[in-house]
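As a starting point, one isolated chain is supplied in C-alpha cells, in the form predicted alone.
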C-alpha cells in the first residue's frame, strides 16, 4: 500500500494563493499514518485530493495497492430523525453485525443507541460517524479530526484498538494533536507554513501498539522533530 504525490499543487478558484505548492512525498501502509501542520497549510485539501473529492489539482497524486478509499471528517452529520442504533444498523453490511456491536462498546456509545443524532454530544456524534465507516469495506480510511471532542483516555483506547483490529488496512489521520500524532502514527507527513509551502517531509512516529510501554524520551524527541519541521 502506498500514497504517492509528485509535484502536487492546488489552488481554490476564489484564492490568489496555492494552498498546496509543488508537494512531493511517498507514504506507506498498512498502519496508522498522519498529516500534521498548522491551520491553513492544506491538510484537509490534501485529504480531499487523496479521497478523490477534489480533482482539479496540478501534478500527480496516486495510490498503489489501494482500491477503496473512505473519508471521515468531524463536521459530517448523520440524519437527526432516527435513532443512532437504527442508523448504524442500516449502513452495516450483512455479516458485520458482530463488528458493529464490538465497536459500539469500544466507542462507549451503548447508552445513546436510542437517541437521535441531534440529541447527543459532539464527541458522541463524531464517534458515531467514524464507527459507520469502520464497518465498511476499505483499504484506506482518512480520519480528518474524526475524534475531535473525545476525551484523551477514550481516544487512546479507540486508536489502539483500531490499530489492533485492522492490521491490514491503512489509516491517514489529519490532526492538530501533536502528542497523538507522534505517539500513535508510523509515518507523519509534516506540512510547513505558507513560507515553507511544498516542503512537506516524512518523519517517523512511535507507532505505539496495544500493551506496549510508552517511551517518553522517544516521544519528546519525536514531538520536537515534528515541531521543528513545521
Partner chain sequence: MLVRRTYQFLIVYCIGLASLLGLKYALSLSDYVIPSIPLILETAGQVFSDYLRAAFSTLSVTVLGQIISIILAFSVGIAGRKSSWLGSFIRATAYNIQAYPIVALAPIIFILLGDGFLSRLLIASIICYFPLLLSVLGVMAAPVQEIEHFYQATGRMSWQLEVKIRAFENLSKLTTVISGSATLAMAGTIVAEFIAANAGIGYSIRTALYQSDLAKIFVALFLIGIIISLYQGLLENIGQWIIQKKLG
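Numbering follows the first chain given and starts at 1. All values derive from a computational prediction rather than experimental measurement.
There is also a form predicted together with the partner chain; it is not shown, and the following applies to it.
Tell me, please, which stretch of 75 to 83, 156 to 164, 143 to 151, 100 to 108 lies within 4.5 angstroms of the partner chain in the model of the complex when heavy atoms are compared? Result of the contact check: 75 to 83.
With the partner left out of view, is residue 115 within 4.5 angstroms of the partner chain in the model of the complex by any non-hydrogen atom? Answer no; every heavy atom of residue 115 is more than 4.5 Å from the partner chain in the model of the complex.
Any of the heavy atoms of residue 178 lying within 4.5 Å of the partner chain in the model of the complex? No, residue 178 is distant from the partner.
Even though the partner chain is not shown here, does residue 122 get within 4.5 Å of it in the model of the complex, heavy atoms only? Heavy-atom contact with the partner chain at 4.5 Å: absent for residue 122.
So in the model of the complex, does any heavy atom of residue 95 sit within 4.5 Å of the partner chain? Answer no; every heavy atom of residue 95 is more than 4.5 Å from the partner chain in the model of the complex.
Interface residues of 122 to 159 toward the partner chain, as seen in the model of the complex [heavy atoms, 4.5 Å]: Counting only heavy atoms within 4.5 Å of the partner chain in the model of the complex, the contacting residues of 122 to 159 are 132, 133, 136.
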